[in-house]
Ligand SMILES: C[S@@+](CC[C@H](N)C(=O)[O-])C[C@H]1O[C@@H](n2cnc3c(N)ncnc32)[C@H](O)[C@@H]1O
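This document starts with one chain, in the form predicted on its own, laid out as structure tokens.
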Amino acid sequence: MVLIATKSESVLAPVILIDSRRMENIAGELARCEYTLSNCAKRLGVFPRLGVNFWPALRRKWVPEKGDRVDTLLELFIDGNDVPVDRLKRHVSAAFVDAILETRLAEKDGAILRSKLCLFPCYGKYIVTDQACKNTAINQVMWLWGESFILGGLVKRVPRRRVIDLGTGSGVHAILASDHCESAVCLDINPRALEFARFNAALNGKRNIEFVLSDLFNSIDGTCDLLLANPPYLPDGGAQAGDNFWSGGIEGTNLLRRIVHDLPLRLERGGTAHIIALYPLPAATSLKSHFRVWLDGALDQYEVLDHTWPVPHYQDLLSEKPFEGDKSAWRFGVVSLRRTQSGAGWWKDAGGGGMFFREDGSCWVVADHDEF
């Protein structure tokens, strides 16, 4: 298993084509090829806690069929393998090949296509990211790990006024939410991430999304009734919080603390926040007690669904100086908070053992406060 790039090389962000129809046609051809989450699940399998096993380390043995269009797209856009141009053209139009070259989704070397980016199907959308391997030559945009699919599946898709996606990365959660929200805001401290988010919005034909360069809430005004966050969370003694997509500072909770602390100012009454993270708690402490401290004692103002599970053997494969110590209290997953109208809050364990996904890659758990 290799997570470190074998050589440092700059990977440029994808380029939005001027003609919006050509952008949307890329997604259209992917859909016509049936490059969907369910078809990827058939080939790569499903891990009950993390969805489709795009990551080879978790994947069952998979031998791509050269004549299969989904397998061809997986080889090119997930595994980064060389694919002959003629092989891809059996399944897509010449216009599609031209478009992925112009957008930098792929590059051509003689009769071969290769990609330094990844392109995922995600709940009916298509999302471009950097590759999974750690590459410190760039400010990487996070791959769609299982947590992206957990959060994407858990959100209750009901009409909302405004969604804010903190640390948006590829923009995946704002793009999914833009279908049921009047407006969406992508916030990220990484300019390169916002380039990816803009590209992905254009790829999916989304026009109700704003993109703001910001350290969490610092550069944006106003409130929201849906808040989504997948912040950097690893305890890294070699990087400051937010220096990259994984570091949450030396304790791992630097950004989490700030996000939760600002909920009373940013989340409207009746609004919901979903935060997915590793919660690297000190031994003998609880997640609930940390949220109470981060909210300055106002936890009773929230109805909380705790969709987390214990991860005492968590392996950090990214940090410069990983945490070495007692992980017995560590947890991972989504904490969903809804601001109450009455002030009579509660905290419910809704993790269900962390088994979130069906065999077709769809998420069967929705964070619905009204069911409790």
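Everything numeric in this text was worked out from a predicted model, so none of it was measured. The first residue of the shown sequence is 1; numbering continues from there.
Not on display, but discussed next: the form predicted in complex with the ligand.
Interface residue remark: G242 is counted as part of the site for the ligand in the predicted bound form, having a heavy atom within 4.5 Å.
Contact annotation: P231 falls within 4.5 Å of the ligand in the predicted bound form, judged by heavy atom distances.
At the 4.5 Å threshold, heavy atoms of D215 reach the ligand in the predicted bound form. By the criterion of a heavy atom within 4.5 Å, T72 is excluded from the residues contacting the ligand in the predicted bound form. Checking Q301, Q131, N190, S115 against the ligand in the predicted bound form, a heavy atom within 4.5 Å turns up for just one residue: N190. L144 is the sole member of V155, V260, L144, A197 with a non-hydrogen atom within 4.5 Å of the ligand in the predicted bound form.
Segments offered: 147-155, 286-294, 92-100, 72-80. Contacting the ligand in the predicted bound form at heavy atom distances within 4.5 Å is 147-155. In sequence order, D165, G167, T168, G169, V172, H173, L187, D188, I189 are the residues of 151-189 having a heavy atom within 4.5 Å of the ligand in the predicted bound form; the partner itself is omitted from this view.
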